[in-house]
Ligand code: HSE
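What follows is a single chain, given as structure tokens, in the form predicted on its own.
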């Protein structure tokens, strides 16, 4: 049944997880955006909250507005931002995925989750330059997802501790993609493929140690880490404090650590300190693999 007003909670996401470049993604419990959608005579965007002054409100330039245009639905969209901008935590994907999901509910469009991923990915293309789905898919499906051609495979691991530490460093998604090589050696492909396969098994078994050990990525991680001051020191400090693995979230600069739930606070503290030792301010989110988009009011 169609409705006039909907409020949703959209989770931050982390793509790649080291091993699965442009293939793996997870939804996080925190941080998140809250989005209000109301029927209107035209598409209107209002952005409030964290770093809202830097988000375009022109519907043709805003990921949420582009989705509303694609679905031909005139609505007022109010985004209450909680996900850090340009963080590697899906800040541009969240509004695109959230609005695709919400409009499907509001206007009873009858679209499948897979169809919503495709539409949301087109919206995110405005921000990242490519219509990839490794952030919008976990936002819509929740849990851990594998994006493969026209399929989304999802799992819901439980009690996997995640620490996401966002440093005050600017990394452009477009630039982080542009510097990557077009080809890898057979040895590097083999290594990355083995880790990707191991990570899937780790997610299926809720094996935190196996998930962490499978996060290493050759070439891509090494190149992107050069954008992140203090990367090696932060990674080493987290491992020493008990993290099973550390990698760059998406294109960065956020680093994510996988650990037991009871280790998260200590690992967050040492990662923030390691950044501080490199004269970089940072913010830690103590979280876990969480659910996808939720309706919180209708």
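Numbering follows the first chain given and starts at 1. Here the structure is a predicted model, which is why all the values come from computation and not from measurement.
Below, we turn to the form predicted together with the named molecule, even though it does not appear here.
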Contact residue in the predicted bound form, chosen from 15, 274, 19, 10 - any heavy atom within 4.5 Å of the named molecule: 15
Heavy atom within 4.5 Å of the named molecule in the predicted bound form - residue from 177, 76, 209, 125: 177
Residue contact check: residue 250 to the named molecule in the predicted bound form, 4.5 Å heavy atom: yes
is_contact(residue 166, the named molecule) in the predicted bound form, heavy atom dist at most 4.5 Å: no
Partner proximity in the predicted bound form: residue 132 to the named molecule, non-hydrogen atom cutoff 4.5 Å: yes
Candidate stretches 132-140, 188-196, 108-116, 157-165, one within 4.5 Å of the named molecule in the predicted bound form by heavy atom: 132-140
Neighbours of the named molecule in the predicted bound form among 203-224 [non-hydrogen atom within 4.5 angstroms]: 224
